[in-house]
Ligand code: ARG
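As structure tokens, one chain now follows by itself in the form predicted on its own.
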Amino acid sequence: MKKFIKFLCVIMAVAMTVSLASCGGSDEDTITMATNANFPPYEYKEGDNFKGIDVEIATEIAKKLGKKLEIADVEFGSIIGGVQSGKYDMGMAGMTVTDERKKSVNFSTTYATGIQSVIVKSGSKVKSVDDIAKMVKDGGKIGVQQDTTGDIYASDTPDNGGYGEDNVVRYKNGADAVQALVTDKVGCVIIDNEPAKSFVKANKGLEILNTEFTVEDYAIAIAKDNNDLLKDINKALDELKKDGTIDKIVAKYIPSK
């Protein structure tokens, strides 16, 4: 009998271990945000610390939910899959709501508006968005951060307003795409406007075209089977909008002119 009880206890212990190991995501006291910390001013790192608009908004959301925020810095292209599988609770990385992404995850209400801009070298023949097609026709390439909205739009077919995948060069992050522009490997870079400003400021001889490539909404990605979290996050965002917290955070990083 004693041997049987001991055996039973071992089985129960193993079962509990397996159960805990398979939970994924965060525990009840934390909420995990997947991001790509190479996207100033929305998310970036200073030393070991995460900074940016998304980081501060996520911190305020976590407070509303009574949880501690944990941040996972991953490649942008792996965020949706990680959220979908339950590895991360939410994805927040200046992420645009698109029909394709909505097939995999749900999105919160919009918390910010982004603009896709075009970076070129000063003196470039590309003076407007309309000139990109001619640059491509002449053999020039477009640099983008892989899996971002800039990539999605630029890689689309000409019939849908894009330039075709063969004319787009994908980089793991915006900084690499901009460096490719500096070294003449691409003729322009399509990227979100605020990061574009930071990259132009850090690299002499670059400028942003005055015309917008496209305008988009930013939202938080959440797993389709996590409706309770979606509801809680939307409630938190609504409160943060109404009390002016989000406006203050955005103004801190993007001062009005």
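Only a predicted model underlies this, so the values are computations on that prediction, with no experimental measurement involved. Numbers follow the displayed sequence, beginning with 1.
Just so you know, the form predicted together with ligand ARG exists too; it's not on screen, but the next bit is about it.
With the partner omitted here, the stretch from 226-234, 58-66, 200-208, 213-221 that lies within 4.5 Å of ligand ARG by heavy atoms in the model of the complex is 213-221. At a distance threshold of 4.5 angstroms between non-hydrogen atoms, residue 94 is in contact with ligand ARG in the model of the complex. Of the heavy atoms in residue 149, some are within 4.5 Å of ligand ARG in the model of the complex. With a 4.5 Å cutoff on heavy atoms, residue 76 counts as touching ligand ARG in the model of the complex.
Proximity of residue 43 to ligand ARG in the model of the complex: non-hydrogen atoms within 4.5 Å are present. Applying a 4.5 Å heavy atom cutoff to ligand ARG in the model of the complex picks out no residue from 223-239.
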